[in-house]
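Only one chain is given next, in structure tokens, and it is the form predicted on its own.
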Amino acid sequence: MIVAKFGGTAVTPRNLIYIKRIVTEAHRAVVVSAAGKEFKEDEKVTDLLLKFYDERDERLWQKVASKYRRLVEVNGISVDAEALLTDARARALRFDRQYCASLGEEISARIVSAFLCADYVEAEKVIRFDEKGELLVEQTYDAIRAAFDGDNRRVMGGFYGGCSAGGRRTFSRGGGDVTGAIVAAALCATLYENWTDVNGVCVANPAKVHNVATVSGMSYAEMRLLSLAGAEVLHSDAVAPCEQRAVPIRIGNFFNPDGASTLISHCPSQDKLLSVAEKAVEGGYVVTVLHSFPLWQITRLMSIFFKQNTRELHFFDKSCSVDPDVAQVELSDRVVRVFSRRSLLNALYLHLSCRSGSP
């Protein structure tokens, strides 16, 4: 039995068909996000809903409504979109900001359930939070098992649940991944599939690095390290529920379901280079490298890299370069952090991947 979660890019007019192509009889539970971007300059539904709640500008709601009307029309879905949107609009400003933000996932799930001829499950009734916003794990698991009992496929929105004090609570952004993991753990699924628009866990951001390699497999602990290092392919809180129930997580590309993907389980990765991630900070960049090289080898590789890219570098517990662009390097047995005033992402990825067996 498989639980599948689809990100917002799949819930768009041209991409919705990929969900139907992937879902099989083995997929007993499907979790979906709010509609995502259709093009680079587009806005996600969740962002539009948050702005609508803050600004009370009806034009923002009409953008949300337009997205879902097109989703239904383009795919010929037998659902009364106007009734769904009218009902959601009546509730959008009646409660708090989190409630308003949750409506994107709710509308998506109601439409996708009709598209897949599946039953709809209201997340507010099964994902349960206390009055402080903490997940009520056992209560949630019991409710999920009851809601998903039987052989029928069911569809639910991610990202939100109901609060014991009334109303709704949301996870942090990207929390649909967490919902999918909770459902998979509660049902003791054989596999939790997380479908995105990239080929699994890429060693570096494919939007910034050309022809980047995909990590074939890694452990739950390694995935947590990646998330803490800034990888955005899977929400960091989505690992623990699956790890506790030993449910493997497969991260794949819904555009290419038979292509490269990453399997997360109790088995450590056989790859030497797991991640080269860079994020902008005040005054420059931080590059974080997650690896499984021996300490002596990564030290040597970094020394070679900086000899090629700087005038001098001395390695101690924290090493500094005379090059004003490279402020500091921190080394450990699994992680390297480089603080630089210029981007080093492409150069460092190419240098390390050539020595790790990656393309």
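So that there is no doubt, residue numbering starts at 1 and follows the sequence shown. Model, not experiment: these values are computed from the prediction.
The same protein has a further form, the form predicted in complex with aspartic acid, not shown here; the description that follows concerns it.
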TODO: Have a look at 27-35, 330-338, 296-304, 56-64 and name the one stretch with heavy atoms inside 4.5 Å of aspartic acid in the model of the complex.
DONE: 27-35
- [ ] Identify, from the list Gly252, Gly217, Gly162, Gly174, the residue with a heavy atom within 4.5 Å of aspartic acid in the model of the complex.
- [x] Gly174
Open item on the list: Even though the partner isn't displayed, in the model of the complex is His291 close enough to aspartic acid, meaning a heavy atom within 4.5 Å?
Closed with: no
Open item on the list: Although the partner isn't part of this model, could you tell me whether Glu106 comes within 4.5 Å of aspartic acid in the model of the complex, counting any heavy atom of the residue?
Closed with: no
TODO: Would you give me the residues of 38-74 that have any heavy atom within 4.5 Å of aspartic acid in the model of the complex, in order from first to last?
DONE: Lys44, Thr46
